[in-house]
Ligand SMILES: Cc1cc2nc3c(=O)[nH]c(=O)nc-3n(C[C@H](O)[C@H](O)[C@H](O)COP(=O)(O)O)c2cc1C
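Presented below, as structure tokens, is a lone chain in the form predicted on its own.
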């Protein structure tokens, strides 16, 4: 697992290669195996592989989502905030777990933050996605994970560049 984490980088450039159905099934299993607080599982997942929808989702916020138009898959991660007070954390866990599984099966990925982001001064990114994908009103949209075969290579961050000053032992 540590080797996957060492190699994982945010990938924003993808080839046109379609993700094989068996890999899509592995990604579905990964999100559904994601732990949640008290086993409530407030999350819901929308797998988007339609190129036109991906292009429209890429426009859901002015910055930081444009690369989604070239991804083979976007996973929209939502949750029912009425089911759990820690739905954000549960969705975040699912988001990173699917990225790690993607890495393990040869795919690149990148997190796109949606919660608390705006489409423009009158509309949230969440509302944009809600309208585009018919997301029910009771669900909140946390993130979109862009996935595909990498069209860029990024070197792992060297161990000596890690911010060890962020780690304390026994007290602050």
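Computed from a prediction, not measured in an experiment: that's the story for all the values here. Residue numbers count along the first chain shown, from 1.
The following text describes the form predicted together with this ligand, which does not appear among the structures shown.
Student: What stretch, of 27-35, 47-55, 127-135, 105-113, brings heavy atoms to within 4.5 Å of this ligand in the model of the complex?
Tutor: Of the options, only 105-113 has residues within 4.5 Å of the partner.
Student: Taking this ligand as it sits in the model of the complex, is residue 23 in contact with it (heavy atom to heavy atom, 4.5 Å or less)?
Tutor: Residue 23: no, not in contact with this ligand in the model of the complex.
Student: In the model of the complex, does residue 15 have a heavy atom within 4.5 Å of this ligand?
Tutor: The answer is no: residue 15 has no heavy atom within 4.5 Å of this ligand.
Student: Hey, in the model of the complex, does residue 119 get a heavy atom within 4.5 angstroms of this ligand?
Tutor: The answer is no: residue 119 has no heavy atom within 4.5 Å of this ligand.
Student: Sequence order please: the residues of 9-38 with a heavy atom within 4.5 Å of this ligand in the model of the complex.
Tutor: Those in contact are 9, 10, 12.
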